[in-house]
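Only one chain comes next, encoded as structure tokens, the form predicted alone.
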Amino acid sequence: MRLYLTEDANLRDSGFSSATQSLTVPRHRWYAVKEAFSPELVKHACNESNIEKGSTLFDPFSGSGTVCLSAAQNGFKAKATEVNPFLAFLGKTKLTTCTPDMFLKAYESVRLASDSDQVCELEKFSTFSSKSGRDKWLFPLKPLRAVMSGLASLEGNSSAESDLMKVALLGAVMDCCNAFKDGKCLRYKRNWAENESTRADFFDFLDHRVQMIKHDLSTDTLDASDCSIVEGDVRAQIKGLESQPFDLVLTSPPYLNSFDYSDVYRPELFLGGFVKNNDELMKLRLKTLRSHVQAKWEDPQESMFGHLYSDAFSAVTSRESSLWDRRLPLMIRAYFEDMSNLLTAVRAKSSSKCQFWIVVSTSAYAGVEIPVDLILAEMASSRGWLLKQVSVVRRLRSSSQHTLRGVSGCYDPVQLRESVVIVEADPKWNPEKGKSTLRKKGE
């Protein structure tokens, strides 16, 4: 089976794979999530797959809820799963609605509570404030106390306006954060210690976010009764997921880049009370896709993922002494086992005309490219799907973790890419055996 990369003019350098376009779209803009793809990609996939209004979309890695919200805004049904409780809450909240007056009334109450300068429980925890005794800290003390007071006033209130206020509060305090999300970590801003946000800055940020949400509640009426997000690990949730057969699956799984996304969103998880301590955070990590080495996973059992996988895996293991972590080969194998099982499980829930769009990046370790997009395409073709195309969306820069230091001491560059893998349901697939003939569409 030959696999080729295509250059689809509608996808290449379109911005579809980034969240930049979401920053101005009603509801999507309520909370920026860097890893999200554009709502325009959802529209494009719906058009290209020729699904009718009322069809059911599915996103197994919902993130900030782009697929569900886009479905609701464009007349489709949708189901999604998301393991990160903060992101699941964010996605669900974008689907909620209430009157602007009710929301502003909730804001008045929260604004009054946030004026308190009471000590909060996170001040000395980890690197949350200067009180922790660390050389660096994430939040100025006054904004941290203000947001925790505001959030405390919402406890026990499960209304839509309460959830909307929680999103606004978390967004405002992250606007005050001394660090920003940069790939796999929180990176401190330049001269952050001399430019910390004040209490007044926090309330300016909060008021801006409140006015933005109020505007969208007034202008973007939404019926999301047929769209829902289930909090939990898709690997555990999908078999019991109640839904009509999926007509279009669109997702961006965690990339094979050893990023621990639960760590990147650690501030929101603790600030919002989604996790209470580090033990709960580790339990959350163990529910995520096995795409990083920050947790002790169960060992993978499967190893047959196609020729492309075998070639890349052998090349990586041959350079084991040059890897920055000896567990990387196990992580690579576990990642593709998780994706293999997902491809099969999703096919069992999909209609005979379903398309599966996967936005994913290649990776590299010790100078060996892992062609994740092509490996997934090859795997999919023996797990109930027919390959339609693998389209390059954009080229990416590699980092030192991807490369191999040469004799000269320089790193040999590895060209990475972000792609959209598009497969279609194989009508000859046997769900009882869970297998289909290895072939492309038209063969």
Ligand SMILES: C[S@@+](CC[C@H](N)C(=O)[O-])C[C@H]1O[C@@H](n2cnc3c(N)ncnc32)[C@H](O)[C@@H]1O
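Computed from a predicted model, the values in this text were never measured in an experiment. We number the residues from 1 along the sequence you see.
Although not depicted, the form predicted together with the ligand is the subject of the following passage.
Trainee: At 4.5 angstroms, heavy atoms only, are Leu151, Gly171 and Gly272 all close to the ligand in the predicted complex?
Mentor: Looking in the predicted complex, the three residues Leu151, Gly171 and Gly272 all stay beyond 4.5 Å of the ligand (heavy atoms).
Trainee: Give a yes/no on whether Val83 approaches the ligand to within 4.5 Å in the predicted complex, heavy atoms considered.
Mentor: Although the ligand is absent here, Val83 would touch it in the predicted complex, with heavy atoms inside 4.5 Å.
Trainee: Just to confirm, Gly384 within 4.5 Å of the ligand in the predicted complex by heavy atoms?
Mentor: So Gly384 does not count as contacting the ligand.
Trainee: Is the gap between Gln355 and the ligand in the predicted complex 4.5 Å or less for some heavy atom pair?
Mentor: Outside the cut-off, so no.
Trainee: Can any non-hydrogen atom of Cys176 be found within 4.5 angstroms of the ligand in the predicted complex?
Mentor: Answer no; every heavy atom of Cys176 is more than 4.5 Å from the ligand in the predicted complex.
Trainee: Picking from 44-52, 386-394, 28-36, 372-380, which part of the chain touches the ligand in the predicted complex when contact means heavy atoms within 4.5 Å?
Mentor: Of the options, only 28-36 has residues within 4.5 Å of the partner.
Trainee: Sort through Arg319, Lys181, Arg235, Lys349 and report the residue having a heavy atom within 4.5 Å of the ligand in the predicted complex.
Mentor: Contact residue from the list: Arg235.
Trainee: What is the one choice in Val249, Ile229, Leu87, Ala71 with a heavy atom within 4.5 Å of the ligand in the predicted complex?
Mentor: Looking at Val249, Ile229, Leu87, Ala71 one by one, just Leu87 meets the 4.5 Å heavy-atom criterion.
Trainee: Only counting heavy atoms and a 4.5 Å limit, does any residue of 236-255 reach the ligand in the predicted complex, and if so which ones?
Mentor: In sequence order, Ser252, Pro253, Pro254 come within 4.5 Å of the partner.
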